[in-house]
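The chain below stands alone, shown as structure tokens; this is the form predicted on its own.
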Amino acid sequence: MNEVKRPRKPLMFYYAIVLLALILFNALVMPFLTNPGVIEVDYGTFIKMTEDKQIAEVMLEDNKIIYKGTDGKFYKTGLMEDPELTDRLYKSGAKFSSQIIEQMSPILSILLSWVLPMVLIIGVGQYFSKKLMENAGGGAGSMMFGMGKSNAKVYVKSTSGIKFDDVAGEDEAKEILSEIVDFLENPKKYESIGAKMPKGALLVGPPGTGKTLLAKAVAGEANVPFFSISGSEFVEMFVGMGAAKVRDLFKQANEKAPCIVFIDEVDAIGGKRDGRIGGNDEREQTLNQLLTEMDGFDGSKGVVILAATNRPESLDPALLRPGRFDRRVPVELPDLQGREAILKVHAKKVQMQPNIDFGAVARAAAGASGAELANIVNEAALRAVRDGRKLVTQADLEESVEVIIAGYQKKNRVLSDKEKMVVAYHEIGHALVAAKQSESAPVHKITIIPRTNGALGYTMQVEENEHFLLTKEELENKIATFTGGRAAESLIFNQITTGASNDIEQATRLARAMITRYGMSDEFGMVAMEQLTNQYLGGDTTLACSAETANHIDAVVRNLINTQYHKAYHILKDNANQLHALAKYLYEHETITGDEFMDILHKTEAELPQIAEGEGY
């Protein structure tokens, strides 16, 4: 691996600063040193002071007149052609015999103007050059102004007290990392058989899943020092500073071995090198230094490097080869059991009523990360405080799930009766289409209370049991459910509104994925037309097909969504009485539960409330 070259940019940078300072010194300070306290006046003022006999002494030079006033101050003005000047000065009584201002000697002037600036430039340049060379040589104790220090946060001997028991919902990750703990505690067991522990382990997963917490738990279980630093902290304005920080970090780690070094967001310095000339030299030098240090340190000392990222696909391949970050630990979103376990861990710190059903809360919070689940528990506690209660209830937790999903209730937004009725039919349209299709998640709650995320209402469906494979029929049913709100508006009011914008976006995304990624279309079959990028950060996609194929995909997507829309429209039309009864009930109560919804839905025609023509809509 190439060594990091002695950086040159900082030296030139400081030379420029010193040169600028000297130019300012010459322009602003030197005049005061050579002519202290001299007041510049115009020639008319000089003539008037002469006539008023306010001049004590005068010295004439080639292009200026310097004189001392009777007030003790010194003045200067430009020398002009004035034949009567000598007579005027003689009549004023001014003295001509002595020089008024002691001018600086030529030698001293040269010293201040040229020699001193050059000495300063050379001296300061040599000083900074020496400091930068010390940085390049690994002198962590003498880093210039601390810019070469790693600034890593150190948790010595598990002062944070975090153990594996504090991390729930990531059993697979803990099992993989427990081997590292065992190595740090019993290294001889591995040395005796000739086994070597991986130098680095990469924690990969979406934001908020507990990657940093897991790294601290490993250090806590092994009872060793824990160094924590973010990848962005290595990136400096000056070339070479990031590499110096890497050297300093590994130097500290070797001194405190056995220990754990954790680099969060490692993609900030570990991104793929594109090979182009004139790229980010600082980032690449930092990456090169990291690779060199990981190759250079002795893994038998018990220094384990852990890193975390949300973008594993962006990392340089050299960082992932054996001998570096060769162990990849997935830290995914928790499943149903994991979510329930995480809720219970955070609930231990909160005063709660007995018999809380954490399973119901976990089912409602499908897809939530560990950080979001912690926030749900905290929001529930805050809600209890706002209501003047000392214990958190089941209702607090369920409302907190809705806060995380849809935002807080927007109490100051008052809908007109017409808009409120439209929203009621829209939400019942979603729920009724879902209930009349097989393989659809049961309706848990429907509300038309506006939320801070912009939603005027929403329908919540909760799966009884979590499953990870979806059939083509299930996905088509989801699309039909998304279109149910718009279909209800069209059927009842014979007009459409902007309220379906989010439904349209979700239906389009799902329909496109069915065709381009899941191979669920007769036209294309099992051919991937789209590639997933940033799996853990939004799941952006890029098309991998010709323009003609892309146009064909658009047509198939439109056809699929239109087919499901017409299916939803006919479901609502065939169940118009239930649609009217449910919308009227929702309009009056604003929020209904899944049980209330199913009770009205299962009533016979005779049991349904009779709604007069045009009533309620």
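A quick note: this is a predicted structure, and the numbers were derived from the prediction, not measured. All residue numbers are counted from 1 along the displayed sequence.
Although not depicted, the form predicted in complex with adenosine-5'-diphosphate (ADP) is the subject of the following passage.
Colleague: Answer yes or no: in the predicted bound form, does adenosine-5'-diphosphate (ADP) come within 4.5 Å of a heavy atom in every one of Pro206, Lys211 and Ala374?
Modeller: Yes, each of Pro206, Lys211 and Ala374 comes within 4.5 Å of adenosine-5'-diphosphate (ADP) in the predicted bound form.
Colleague: Against adenosine-5'-diphosphate (ADP) in the predicted bound form, would Glu170 count as a contact residue? Criterion: heavy atoms within 4.5 Å.
Modeller: Taking the distances in the predicted bound form, the answer for Glu170 is yes, it comes within 4.5 Å of adenosine-5'-diphosphate (ADP).
Colleague: Would Ala511 sit within 4.5 Å of adenosine-5'-diphosphate (ADP) in the predicted bound form, counting heavy atoms only?
Modeller: No, Ala511 stays farther than 4.5 Å from adenosine-5'-diphosphate (ADP) in the predicted bound form.
Colleague: With a cut-off of 4.5 Å between heavy atoms, is Ile342 one of the residues that contacts adenosine-5'-diphosphate (ADP) in the predicted bound form?
Modeller: Yes - in the predicted bound form, heavy atoms of Ile342 and adenosine-5'-diphosphate (ADP) come within 4.5 Å of each other.
Colleague: Verify the contact flag for Gly231: yes if a non-hydrogen atom of it lies within 4.5 Å of a non-hydrogen atom of adenosine-5'-diphosphate (ADP) in the predicted bound form, no if not.
Modeller: No.
Colleague: Among His346, Arg327, Lys76, Arg283, which has at least one heavy atom within 4.5 Å of adenosine-5'-diphosphate (ADP) in the predicted bound form?
Modeller: Of the listed residues, the single hit is His346.
Colleague: Have a look at Asp503, Glu221, Glu293, Asp166 for me and say which one sits with a heavy atom within 4.5 Å of adenosine-5'-diphosphate (ADP) in the predicted bound form.
Modeller: Answer to the contact question: Asp166.
Colleague: Specify the contacting stretch among 424-432, 85-93, 363-371, 253-261, defined as having any heavy atom within 4.5 Å of adenosine-5'-diphosphate (ADP) in the predicted bound form.
Modeller: Answer to the contact question: 363-371.
Colleague: At 4.5 Å, heavy atom to heavy atom, what parts of 421-435 sit next to adenosine-5'-diphosphate (ADP) in the predicted bound form? List them in sequence order, or say none.
Modeller: Not one residue comes within 4.5 Å of the partner.
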